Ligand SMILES: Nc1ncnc2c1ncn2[C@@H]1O[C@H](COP(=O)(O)OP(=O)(O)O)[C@@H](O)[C@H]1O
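Take a look at this single chain in structure tokens; it is the form predicted alone.
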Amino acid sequence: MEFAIETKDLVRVFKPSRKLLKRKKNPNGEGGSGEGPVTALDRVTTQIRQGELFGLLGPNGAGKTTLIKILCTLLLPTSGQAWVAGHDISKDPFPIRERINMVSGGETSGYGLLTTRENVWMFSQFYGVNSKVAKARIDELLHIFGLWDKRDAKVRTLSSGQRQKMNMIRGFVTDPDILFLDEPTLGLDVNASRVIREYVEAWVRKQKGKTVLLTTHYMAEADQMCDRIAIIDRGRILACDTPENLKRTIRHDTTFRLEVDTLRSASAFSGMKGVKNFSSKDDASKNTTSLTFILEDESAVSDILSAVQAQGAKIHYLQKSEPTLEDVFISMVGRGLE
């Protein structure tokens, strides 16, 4: 089977600029702040099949966007190789650009003086789509994404959700073989997110050979949509499998969730016997802390509760549950996405 995307030992290192290094030096001109090269991707090897909806999960700074930029030929790797649609990204980028498109969440693309329809049509012409074909696709997609009544509205008047729907239409109007979606539903309301998810899934499932690489901060979204998921952290792929198989890897562990009064510190749980990994998240609006533990030994529960009570915090909720994709992530990365 030909792979839509393939990488082999892909490395990307970012070196600080000379201006930054100069600014960081001390008055004597000796040494700096210790800031050196940053390895964004560390020997990433993966294969994405044609017709696959592939997810990439990782915390901020894990290397997701860097990988997408390399695969979209916007950035060269420091070393290693990558092929998209059978073409080497370093040696043969132009055929790749003809067959891909990319949409990112929170984009501000488009010209405010143009209408929604005019903006999408303009982008279609950059790709050389026949004007008549482009106009027919645009009208169809405007109906699907609920923007028909905004077709002649200036882009500057659109809400953030409407603008993101327009960006999604821009991604599909060129009918790419491979579509890169970098957190496409970030910050959108429930209805807008649902429309985007449903269309992306239908687009992949109903057409032969269409491929999507999706990054998202929403675990349920990845679980629902993706055929396979890769978990990346600090530039390395930690695991890659179907959502169900990933969840199966920690079925022998216990997932324990609590909601308590806001804790001063979660450091007491680090290194606690029987605790494989945990995450904590404060909710300032409710003055609570949500805790998720992956336990190797359920006897650790009593120690956890004692540590909570030692801080004078009241327990509002506790539950033992079946593992979720978020639990897999916490187990491997040691923290949540946020």
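Everything numeric here is computed off the predicted structure, so don't read it as measured data. Residues carry their position along the shown sequence, with the first being 1.
Another form, the form predicted together with the named molecule, is not on view; read the next lines as being about it.
Stretch-level contact analysis of 266 to 274, 304 to 312, 37 to 45, 289 to 297 against the named molecule in the predicted bound form, using heavy atoms and a 4.5 Å limit, identifies 37 to 45. The named molecule in the predicted bound form is approached by Thr65, whose closest heavy atom lies within 4.5 angstroms of it. Although the partner is absent here, Pro59 is a contact residue: one of its heavy atoms lies within 4.5 angstroms of the named molecule in the predicted bound form. Remark: Phe14 counts among the residues lining the named molecule in the predicted bound form, judged by a heavy atom distance of 4.5 Å or less.
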